[in-house]
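Form predicted alone, single chain, as structure tokens, below.
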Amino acid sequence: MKVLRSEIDSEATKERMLREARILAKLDHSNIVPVYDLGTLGEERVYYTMKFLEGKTLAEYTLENTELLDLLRVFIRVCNAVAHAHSKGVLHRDIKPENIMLLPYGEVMVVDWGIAKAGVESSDEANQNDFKFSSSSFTTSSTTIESTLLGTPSYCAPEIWKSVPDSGTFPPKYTISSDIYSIGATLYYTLTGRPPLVANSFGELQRLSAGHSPPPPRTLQQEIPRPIEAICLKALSASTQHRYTNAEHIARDLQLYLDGYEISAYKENMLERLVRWTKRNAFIVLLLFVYVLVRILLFFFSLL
């Protein structure tokens, strides 16, 4: 049960809790925590009840489990949950490793929809024009900053940074594409153990986001397969036109990779295509090898 503390008497905070509960109530997906009840207690304290989650965040999970195929399977479920939310007109606006929970029996949950935005069509912008909070702290990796910028700085899209007051355009414009960038940034963390851009201050991170692309994941972890790096970088593209158009497409490319097929984000050369085909058809290749070997042995025995 999530209950508004009695000492908090802020209409904006109450509205945020109600908003989160209503948004969760309209999302029906196995990877999104369900809401069971919503109401008020004494002194008009807002509450709602949801499924109790006990597990680890994706940030914690990646410290213990570095098996790439396991991480990709987890990430496909994340993409499917976000794709469902987008199909219902809901933007999360704060996708990051700390907002993804892995439960003891393998369930994956996208959580913390407190700054989500509902009623957004696929082509509409979800502007932050209804509430804002202040924050005196700055942590690039995990802290949600709720001021003119919603979300967690290290996982915010470049176009969001361009919308903060110093740039002259306000309010920030949140879209499905900005959620896609956050998915890419979360995948980047999953692959490398760090956000795409790292800085020591809000201003430094803003400058980096405006003028620098994140280092390719393989420069940090050489064992990352090139197709997976391509998926990550496509989601992280500075241009919204070059990103994936929806989270379902990211999930599809990840699943194609797991199944041994070519993905849309990476153009293979002939050698890579041959290696991939050989891995996908390992049993057939083995049978052909055995057949050829037997034929060669029979040929030599016939000469004796």
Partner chain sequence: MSKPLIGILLGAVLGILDGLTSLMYPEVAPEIMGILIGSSIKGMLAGIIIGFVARKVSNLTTMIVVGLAVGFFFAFIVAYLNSMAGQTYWLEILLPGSLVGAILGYATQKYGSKPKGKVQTT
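Positions refer to the first chain, counted from 1. Just so we're clear, the structure is a prediction, and the values are computed from it rather than from any experiment.
Just so it is clear, the following notes concern the form predicted in complex with the partner chain, a form of the same protein that is not shown.
Undergrad: If you check in the predicted bound form, is Leu298 within 4.5 Å of the partner chain, heavy atoms only?
TA: Residue-level check for Leu298: yes, a contact with the partner chain.
Undergrad: So in the predicted bound form, does any heavy atom of Ser10 sit within 4.5 Å of the partner chain?
TA: Although the partner chain is absent here, Ser10 would stay clear of it in the predicted bound form, with no heavy atoms inside 4.5 Å.
Undergrad: Counting only heavy atoms and a 4.5 Å cut-off, does the partner chain in the predicted bound form sit next to every one of Phe202, Leu205 and Ser213?
TA: Not a single residue of the candidate spot has a heavy atom within 4.5 Å of the partner chain in the predicted bound form.
Undergrad: Among the candidate stretches 51 to 59, 274 to 282, 247 to 255, 31 to 39, which one is within 4.5 Å of the partner chain in the predicted bound form when only heavy atoms are counted?
TA: That would be stretch 274 to 282.
Undergrad: Considering only 84 to 106, what residues come within 4.5 Å of the partner chain in the predicted bound form, judged by heavy atoms?
TA: Stretch hits: zero.
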